[in-house]
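Form predicted on its own, single chain, as structure tokens, below.
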């Protein structure tokens, strides 16, 4: 008789999610989309078909111009008051607990359809800190996430720190005595776990630490530095009376550059405020672009263009000069983003991440020079500016990148075998 697996391992990420389970102590990932083990953590509220769409089809609906609302990077809302604010979604009131629960239920349903199993329990990855220095928000974020799993239909959920899961996944690649530091840079947080490899396949976790800074913050910084100025950020607005002027208010641009805040900008009040700015702008052509972005709901199109430019600028020997392509605004509007510029824009953030990695070692009374391995996890950990900042602070460590995109779910899948023992 086939064995029944009741615990589903879930890497619920800011940008992408993945699931797996254990068979005879070995982790196995479950295909989420045709040919892919991950599912974009995105949803689309399809106003025409009156349904919620998840993953890649959500992104495709956005690109195709389907009437509705696209949402991504919403995991960053955990622990905030917005999680429990209700709003009308397809004719009924829902809060983000229910919306997140719907996404997790979709992961559960796809896993059960692919395996023929019924998953009653979940082992979920979690950042070490949801919010860097706010203990109340950290605690509330975990309460919120637990309720999301309950809303998805799981009977119970256990949590495992994401870098600890990555450490478990990498145990077979290390030698006895190795002192390794997991550097896990996700979409919204950066997490660190320092551990020592045992003589067999065991690991001794010394300390874990975290920082609320990740890949979506990189996108935001690039957008504010390069894209928002062509929409009017920093330009002067004339006073209604008199000859004086002031800089355009930054709040609209801040939100437009922030993945999870984009859906909340498309209101009558915000559009009217942008139109007023354009009316009195000394460079109305810039603010008119902002008006168009809000009227035509192009915020996520810009965000995707920034993300693509970031990836291109971080790709060695690219076939074409990296740039942010804004044809969605104007046909030939392209903003160069050479690698040196990307390094300069992100250098402060990279330094903050690297210094937090050093803090992690210090918390365990370990000198950075004693660390023998740096294990990079998460797509953003592979940014050249991050590797440079880390290597300068951990000069004796060998950089390991092999399982950057799957280490967390690999480790969670292994751990799911005993998560509820």
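Residue numbers count along the first chain shown, from 1. Keep in mind that this is a model prediction, so the values were computed, not measured.
One more form of this protein exists, namely the form predicted together with a small molecule; it is left out here, but the text below deals with it.
Contact with the small molecule in the model of the complex, defined as a heavy atom within 4.5 Å, is made by all three of 13, 379 and 405. Stretch-level contact check against the small molecule in the model of the complex with heavy atoms at 4.5 Å: of 245-253, 309-317, 110-118, 273-281, the positive one is 309-317.
In terms of contact with the small molecule in the model of the complex, the residue from 223, 189, 208, 197 that brings a heavy atom within 4.5 Å is 189.
Only one of 354, 383, 361, 43 lies close to the small molecule in the model of the complex, with a heavy atom inside 4.5 Å, and it is 383. Contact check for residue 124: every heavy atom lies farther than 4.5 Å from the small molecule in the model of the complex.
Contact annotation: residue 170 falls outside 4.5 Å of the small molecule in the model of the complex, judged by heavy atom distances. In the model of the complex, residue 299 stays away from the small molecule, with no heavy atom inside 4.5 Å.
A residue is said to contact a partner when one of its heavy atoms sits within 4.5 Å of a partner heavy atom; residue 185 meets this definition for the small molecule in the model of the complex.
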